[in-house]
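Let's start with one chain on its own, the form predicted on its own, as structure tokens.
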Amino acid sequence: MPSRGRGEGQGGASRPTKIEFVSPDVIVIGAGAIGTSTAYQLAKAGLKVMVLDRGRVGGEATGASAGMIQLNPDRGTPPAFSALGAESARLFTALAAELLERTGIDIGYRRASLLHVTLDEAEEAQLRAHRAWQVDQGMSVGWLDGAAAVDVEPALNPGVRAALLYEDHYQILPRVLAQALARAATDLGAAVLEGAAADRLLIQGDRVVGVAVGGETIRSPETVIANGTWASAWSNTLQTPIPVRPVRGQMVALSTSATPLRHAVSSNSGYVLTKADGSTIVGTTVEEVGFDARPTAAGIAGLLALASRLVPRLADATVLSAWAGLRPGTPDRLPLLGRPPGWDGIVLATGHFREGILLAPITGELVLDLVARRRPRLPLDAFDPGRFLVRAA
């Protein structure tokens, strides 16, 4: 339990920012896909919302994402997490249409059927077992031998032994998603402040009552922590473990004059995906390197080798750009969704790791449920922030 009567907690640094929008009902810290989705749902419910981000809307892990909306659970996936992903994926169709109508912004929501391939004989048996389990769970997963896989995606390496076909997968433009959500929230009265880092939480007893930005304070009945990898900065203030760590993911964009890929193509080593602008995205590394968001020569070389192995013609493609993002990982790979134990006036919505884009719609709706003090539409026990406090004890 937090002690009573503490002062303001410490977080990260911020630049001086003039705050003109005062007395919001909810402050959201973070303007990535999770923060902007949350802000939109809160504003749509009639609440006054302020979003604070130390950078730009969609500028961190969200902007570095490939924007794939995919469901690929395995035997180790907790059922609660599978349900969370399935419901969020279902919400995207209506959300994309809603954002287009409200803002005129097309978030690039398009079908991107996935071929998960193997070029390895030993992996082929594993792929069969994986498909059998998914079919038993009610998923629609096709099986293609090597020749059939090349027939549906002629650019594939002819050495492909087999592939799983997921027809009902989709993609979006991740930074555009965050921008559209931010605009829709703004049109509903929210204030979205870029370059404004919340550097302290305001505490009264066991309640968070707002934040400080530079020399200014903003009071609010509710604060939502949705700043991804940087959420761990609030652990000391809340005397609660928030074990969110940065996991670097490097990406490369390629350009080719050849016919675009018909499918997203993945393997156990990564994936390639053609976006709406014709570029081909290759991803991704998974690296525990702290807060180092540099793309590296080794990372880029590995991704280029992967691209040409899956799709040989990409060996001659032009490299357009390379980048990296810091994804918010947790020890059990599950997000933190809920109120920290012993605290009121604060909700955590972080730790989504590689699924922040997929889980953005449902997270926004669940945070609204929590702020409105009503029963969440899905069980949140598996994502309770207090689970790490129990383990630490």
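Residue numbers here begin at 1 and follow the sequence given. The structure displayed is predicted, hence computed values, not measured ones.
The form predicted together with a small molecule is left out here; the points below concern that form.
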Only one of 24-32, 40-48, 364-372, 337-345 has residues with a heavy atom within 4.5 Å of the small molecule in the model of the complex, and that stretch is 24-32
I'd like to check something about residue 166: if you look in the model of the complex, is any of its heavy atoms closer than or equal to 4.5 Å to a heavy atom of the small molecule? no
- Message: Using a 4.5 angstroms cut-off on non-hydrogen atoms, would residue 227 count as touching the small molecule in the model of the complex?
- Response: yes
- Query: Given that the partner is absent here, does residue 196 sit within 4.5 Å of the small molecule in the model of the complex, heavy atoms only?
  - Reply: yes
Can you tell me whether residue 274 touches the small molecule? I mean in the model of the complex, with a 4.5 angstroms heavy atom cut-off. no
* **Non-hydrogen atom within 4.5 Å of the small molecule in the model of the complex for each of 222, 383 and 387** => no
